[in-house]
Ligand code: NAP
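Before any questions on how it binds or moves, here is one chain, the form predicted alone, in structure tokens.
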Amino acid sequence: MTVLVLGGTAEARALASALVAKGVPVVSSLAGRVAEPKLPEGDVRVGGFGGPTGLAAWLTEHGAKSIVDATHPFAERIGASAVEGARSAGVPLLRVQRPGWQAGPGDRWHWVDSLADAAAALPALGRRVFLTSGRQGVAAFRELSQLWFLARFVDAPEEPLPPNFEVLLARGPYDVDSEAELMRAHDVDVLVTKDSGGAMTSAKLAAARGLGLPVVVVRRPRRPAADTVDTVEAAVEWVLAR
């Protein structure tokens, strides 16, 4: 009885590995937005399902026993589709949601509700921006021609960016010393990030703290209610119980 794992996150890969090791048939579904994703163990499918209806049909056709949504905290569309599709197919769903980041002593965080709000806040905070919020939301910052951006992506943006953008292609995890050196080398005076959570990309926050830089943090979007755990171990237990 197949378990469908949604997401190309580190948690999704770890979950797939743990389940395969226990002899559980797993199909991991990747959105296909990254050119060369890190592939999990077990079977893999790439691409969308065609909304909740398509997902429900897939679950029924493949006799899925359960579905685990281990997508990125900002993957709003698939998160909503997962809840609705699982309900339609009568398949139990679990969400694996890593804890969000929490500001500590010395942090100068400015919380906002959207990338548009982040763009609006920037002119008052700095002139040289380290943008780490992903290539799909870069349009929100295109009109800020008075600022300079170091924009870090896993894959290059599909459209050319304005001349005040310098693109850096890299994939985490990162360490604090390297992040601090990167910010110093480019005279960065403000950091923009989403509240992704996890350790893979959190080094930039510690680096910004050490340099005394302000950080604009985009809050996570609200997602439909679902049974939720915050560790891979708890997700494995949930799957095995079914």
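In this text, residue numbers run from 1 along the sequence as written. Values in this document were obtained by computation on a predicted structure and should not be read as measured data.
Another form exists, predicted in complex with the named molecule; not displayed. Remarks below refer to it.
Visitor: Can you check whether Gly212 is within 4.5 Å of the named molecule in the model of the complex, heavy atom basis?
Guide: Contact with the named molecule, no.
Visitor: So, Glu76 and the named molecule: in the model of the complex, are they within 4.5 Å at any heavy atom pair?
Guide: Taking the distances in the model of the complex, the answer for Glu76 is yes, it comes within 4.5 Å of the named molecule.
Visitor: Is Gly48 close enough to the named molecule in the model of the complex to count, meaning some heavy atom within 4.5 Å?
Guide: Close contact exists here: in the model of the complex, Gly48 approaches the named molecule to within 4.5 Å, heavy atoms only.
Visitor: Verify the contact flag for Leu6: yes if a non-hydrogen atom of it lies within 4.5 Å of a non-hydrogen atom of the named molecule in the model of the complex, no if not.
Guide: Output for Leu6 is yes: heavy atoms within 4.5 Å of the named molecule.
Visitor: Among the candidate residues Ala64, Leu182, Ala31, Val27, which is the single one with a non-hydrogen atom no more than 4.5 Å from the named molecule in the model of the complex?
Guide: The residue from Ala64, Leu182, Ala31, Val27 that makes the contact is Ala31.
Visitor: Going by heavy atom distances of 4.5 angstroms or less, which of Asn164, Gln136, Ser114, Ser88 would be at the interface with the named molecule in the model of the complex?
Guide: Residue within 4.5 Å of the partner: Gln136.
Visitor: For the chain seen here without its partner, which of 103-111, 116-124, 76-84, 167-175 has a heavy atom within 4.5 Å of the named molecule in the model of the complex?
Guide: That would be stretch 76-84.
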